[in-house]
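A single chain comes next, written as structure tokens; it is the form predicted alone.
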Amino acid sequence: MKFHILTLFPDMVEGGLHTSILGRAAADGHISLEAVNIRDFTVNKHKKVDDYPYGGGAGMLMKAQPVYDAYRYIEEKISEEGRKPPRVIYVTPQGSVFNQQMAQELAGEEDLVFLCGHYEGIDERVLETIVTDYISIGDYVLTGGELPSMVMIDAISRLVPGVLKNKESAEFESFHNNLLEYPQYTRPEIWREKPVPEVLLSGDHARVDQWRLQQSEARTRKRRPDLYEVYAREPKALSWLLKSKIDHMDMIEVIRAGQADILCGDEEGVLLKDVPSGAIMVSASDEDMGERLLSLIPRGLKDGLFVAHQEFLKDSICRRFDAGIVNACVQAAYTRKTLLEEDSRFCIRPLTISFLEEVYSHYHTVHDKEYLEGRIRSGRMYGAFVEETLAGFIGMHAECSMGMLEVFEPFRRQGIGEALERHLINRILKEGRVPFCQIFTDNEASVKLQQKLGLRIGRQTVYWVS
């Protein structure tokens, strides 16, 4: 993960970020931190970067030219190193409020650029040109964007593999699963007549885990009722989804993977957003419940991708959001725990970015190059090789489903497709997940393959709408 900070005060940023855990992570190569001085890119001989705002008003504005040229310097370096254009975060109280889920999403990027404003802000024209995300750390005003950028970089870095020495320390601290962290104690056993809770001295790990969960729930309910409300949605959501498990495996696995923003969890319907893909998934008991759920979709999500689990929801989405592209699928899930026997005739391994063009040339009508690149870089696409020649591939979509199965024409009818799916099923099982896929309703060959491999076929049609 590479962080680039556009700032007027590089010493402030570098001094704050090159210490403690982040300093060690940078030294070990897990992250890199680059502060770029916007003032170095001004064409003004006095190094002036601000000017009076048109239309009058108090204060000064940062000019567009030095900000843009500083950004182009970063963008060109990234391009020369063969990476995709970065997301550019403008730190502003007008942005979406930063949270742990946002940190998890951003931690999956290769490069992040933080633009730190000063004075009364930055010329709007350059913001419209380069900024991809407007983010705030709270409803208050600071003198500049450096401190908020450092806060976000710290939170994001902790989620980058290798930054924290103990893997569990990132998974079980505050805000994991929308719960605050439980109380913790160290020596001495008794301090000022206050003892450590007996359960923590028992050596019974099951009791300790149960006590910690109860403490987290109680603390969250008392101190952050807003978070507790979100936490409480999950069991209600799963209660509805598990009534028809195979048909809802996509929504169940998104929740279990910790990548679901549950907008509404009710025992008669569920509305959630899969954060990595941005897909809005919805299932409801009847049309009235469906209308209630769809009315909760935030304004900014109404032009996206929808997954409807009932036909009446599909019709309502098309009507409400003027969506016209509908793909009908059935779900299939491998619900057993036993690994499948793999075909030793083929070498199957994760694909590297060097195979992007070849994958895209065979799959360009289905997914764009950026999506395929993201799947390869995530380590979630696998190729079958015959004498070191790529013969086909399969992948795991951002929303956890298996897919993108393609066998090249010269290698078809040799069992390569089945071998690829067996391999991916086993990988998912080893991660403690449920392998599942979605099949176009007219793809009889794929349905037969899933049945042959022991996947159970759902009874309901699932509609992808865009």
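Throughout, we count residues from 1 along the sequence that is shown. Keep in mind that what you see is a predicted model, and the values were worked out from it rather than measured.
Below, we turn to the form predicted together with ligand ADE, even though it does not appear here.
Screening 395, 265, 148, 392 for any heavy atom within 4.5 Å of ligand ADE in the predicted complex leaves a single hit, 148. A heavy atom within 4.5 Å of ligand ADE in the predicted complex is found for exactly one of 91, 272, 351, 153: 91. At the 4.5 Å threshold, heavy atoms of residue 232 stay clear of ligand ADE in the predicted complex, well away from it. Mapping the unseen interface onto this chain, residue 102 falls outside it, with no heavy atom inside 4.5 Å of ligand ADE in the predicted complex. Ligand ADE is not shown here, and in the predicted complex it never comes within 4.5 Å of any heavy atom of residue 386.
The closest non-hydrogen atom of residue 138 lies within 4.5 Å of ligand ADE in the predicted complex.
Judged by heavy atoms within 4.5 Å of ligand ADE in the predicted complex, the contact stretch among the candidates 351-359, 304-312, 102-110, 129-137 is 129-137.
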